[in-house]
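Only one chain is shown below, in structure tokens, and it's the form predicted on its own.
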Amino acid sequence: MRFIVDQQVEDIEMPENLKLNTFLQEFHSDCTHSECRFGFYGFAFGQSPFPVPKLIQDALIKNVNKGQYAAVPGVPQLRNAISKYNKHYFGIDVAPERIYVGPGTKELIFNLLEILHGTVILPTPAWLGYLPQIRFLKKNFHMLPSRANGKIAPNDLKRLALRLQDRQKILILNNPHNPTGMLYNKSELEEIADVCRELNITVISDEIYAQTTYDFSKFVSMGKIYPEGTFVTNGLSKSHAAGGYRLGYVVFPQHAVDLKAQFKKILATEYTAVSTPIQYAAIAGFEISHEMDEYFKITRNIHKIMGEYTYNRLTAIDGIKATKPEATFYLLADFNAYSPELQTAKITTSQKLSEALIVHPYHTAIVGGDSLVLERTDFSARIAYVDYDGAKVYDAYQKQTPKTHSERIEFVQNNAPKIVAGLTMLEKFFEALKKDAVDELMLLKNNMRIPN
């Protein structure tokens, strides 16, 4: 019997992160070199390496017997905890009734895009998950390239929005930003909010990395700046190192009463509710406690140390630029200065650059620019600096906290050897690329009898 797949599904490509994972698995199994046994230097996958906080683990064990369905918006105790969490950390006074719990922010953003009519404005570069969702839902969309500082400009947003005919426009704002690690400050958000108010732009503010902001006093939620028009999404995945728990939440704008009823209908139709034991475990993560404050402080400091080291090593390579992260565990590396050498080596797209780096002898995994909604010929890449044993690094930081610049370098060298080695491999790759290009040019000159 032949089964026919719906054309809408046929038209969707596999998400770039899963495509890359499949490629890496196949490469690892096919590589004949003995050096392949260690795997690869992993700068591709954005997953916090730290253990799930013990408070959450203990709460999950305690509530493992809860087998009943939960209420569609989430258990009341969890929504109350999230309400207090937002007020304490982000200064947003949110009634629990404005909070809906879902199986991760990825699903909740998809649900919001389902119910919100209008054209989507997607700033680029972007997290690789937004565009497949937009395409799957067959929504109209327009790219909004960021400026040199990695952020969108209010005037650019206004010019684009004025060209769009839909009564409602939807801006996806990711702050802190994946893949650049950049952070919008209060005045920048206020300028964007002014444009949104003027032109009736609804904002989906993906703030999943909020707690990873290195100087946490600098983080400002768009929900505080533009409360009447912003949906804020957040969850456990990044700040609590619990991506596998699949629990996120969305804070609805003020006075969005009718919309909440529509949203509840969508959630009930698609997945009923998030796993009940997971919801009760999450309460411990969102409650205000000394243990969680200490966990946030240590993990964000380690991310900062790893980011500083990665940035300095990359930008020390001749011609390479990078965004200097203020949050998250990513930066965006710009390899476009090597475009002539890459073209000479028949590496014509960012995808081919990713493939060239993963094969022997480099064994280095990155996420190329085409996966980040950049042009295929843009030789930029997201570098995730989390390839280390999070539990061991967490303990090492507690035992001896590095304070000086030299101590931070030593901390990375001692505790994240794969990051150190992977950056060395990137350096060797571009050195070899430049040498090969020079050798080929010399050969061409000699063959044509062109004097040096």
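Note that residue numbering follows the sequence shown and begins at 1. Just so you know, these numbers come straight off a predicted model, no measurement behind them.
The discussion below concerns the form predicted together with a small molecule, not included here.
A residue is said to contact a partner when one of its heavy atoms sits within 4.5 Å of a partner heavy atom; residue 279 fails this definition for the small molecule in the predicted bound form, lying far away. At least one heavy atom of residue 330 is located within 4.5 Å of the small molecule in the predicted bound form.
Residue contact check for residue 286: none of its heavy atoms lie within 4.5 Å of the small molecule in the predicted bound form. By the criterion of a heavy atom within 4.5 Å, residue 365 is excluded from the residues contacting the small molecule in the predicted bound form. Heavy atoms of every residue among 105, 130 and 238 are located within 4.5 Å of the small molecule in the predicted bound form.
For the small molecule in the predicted bound form, the listed stretch (258-266, 340-348, 170-178, 299-307) containing residues with heavy atoms inside 4.5 Å is 170-178. Scanning 158, 139, 321, 246 against the small molecule in the predicted bound form with a 4.5 Å heavy atom cut-off leaves one residue, 246. For the options 274, 195, 99, 208, the one in contact with the small molecule in the predicted bound form, meaning a heavy atom within 4.5 Å, is 208.
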